[in-house]
Ligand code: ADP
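One chain is shown next in structure tokens, namely the form predicted on its own.
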Amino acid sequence: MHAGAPPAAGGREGGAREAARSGTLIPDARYPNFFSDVPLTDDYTFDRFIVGPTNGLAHAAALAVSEKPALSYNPLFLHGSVGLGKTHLLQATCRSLLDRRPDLRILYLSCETFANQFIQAVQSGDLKNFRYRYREVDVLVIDDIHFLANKERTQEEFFHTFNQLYHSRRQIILSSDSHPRDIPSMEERLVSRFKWGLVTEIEPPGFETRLQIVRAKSEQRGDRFPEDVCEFLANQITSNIREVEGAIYKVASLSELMHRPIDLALAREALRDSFSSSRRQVTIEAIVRIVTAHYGVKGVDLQSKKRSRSVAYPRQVCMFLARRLTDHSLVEIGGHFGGRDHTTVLYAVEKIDREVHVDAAVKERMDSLVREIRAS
């Protein structure tokens, strides 16, 4: 039995462009009962999702849901900033579910499409079919649920849809740019229900995870970048991982256009207009000056062999900030701190990066140092 979705108009590609605006859902020829307002992307699978400390729980939960829908986490609520992998996990879950059971009735769509279809149903007096479409599916996946903010009547409708699905033991998967409690004007009863299952955040990845993403994305394009180029890109792109593909494309395109091999010089040339001048002007000397003043140590101590925590920790902070704020390679940074090798620098970067993600006080301290360094 179909999920009650209307027939697509204008084909998959054209329909995807208009779906959110018109409320049209697009069928997938491979799966008879799967409807979405965007096509599934072939790259958005679990085996192509790079797992790290900041997204590991979200990945594990999505994988569990794909194996045991409505039995593991229901609802599953993923939240985080744009470009961190929420859509990747939503689509990977849909694809994994369908690979196991191609007959599953799944609706995967944006909250905007849900709202538009509800408005159309009210205007046309067709609420019966609308409710059948959404309340008789096996899995409902809605992206950007924060779009419900300030829409009282649509929230009311979604509340009853949620209840029907939940009590019928149907899987609900939602994503948002913020935690349920932080969505403006969201009814408390909805916020409470979103917390019935698992609410988990996807945070910006650390350096090592970004490095893995760059390696994987470049290999998927067929252009295996040298390690120093991968490190350069991972250092530059720190928040929105969607920018990784754009950066890789720029580097590869310039290489083809100029008939030059991909190396660090080419990568810097390709991306020279992509980052602010303040970022490029940060020097290791400026970092050392600010950090040593903050921790009350001497710059010469950071270049020495001293390993006491009072010296080692500020040294590690300097290395972390140098990777974050400059274009220098691990080897180059190590050279500034008594000729230490790249493994020592990488250890320091990963250590501070982990602390930033688990300790709010450390994160605030690092952010403060970054602001002071950039302002200096």
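Position 1 is the first residue in the sequence shown; the rest follow in order. Because the structure is a prediction, the values reported are computed rather than measured.
One more form of this protein should be noted, the form predicted in complex with the ligand, which is absent from this view; the next part is about it.
- In the predicted bound form, at least one heavy atom of G85 sits within 4.5 Å of the ligand.
- Of the heavy atoms in R105, none are within 4.5 Å of the ligand in the predicted bound form.
- For the chain shown alone, N163 is not a contact residue for the ligand in the predicted bound form, no non-hydrogen atom being within 4.5 angstroms.
- Heavy atoms of N55 reach within 4.5 Å of the ligand in the predicted bound form, making it an interface residue.
- Taken together, R48, S81 and E245 are fully in contact with the ligand in the predicted bound form: each brings a heavy atom within 4.5 Å.
- Between the options L140, I213, I287, C111, the residue in contact with the ligand in the predicted bound form by a heavy atom within 4.5 angstroms is I213.
- The contact with the ligand in the predicted bound form, taken as any heavy atom within 4.5 Å, belongs to I241 out of L233, L97, I241, A270.
- Stretch-level contact analysis of 300-308, 150-158, 127-135, 87-95 against the ligand in the predicted bound form, using heavy atoms and a 4.5 Å limit, identifies 87-95.
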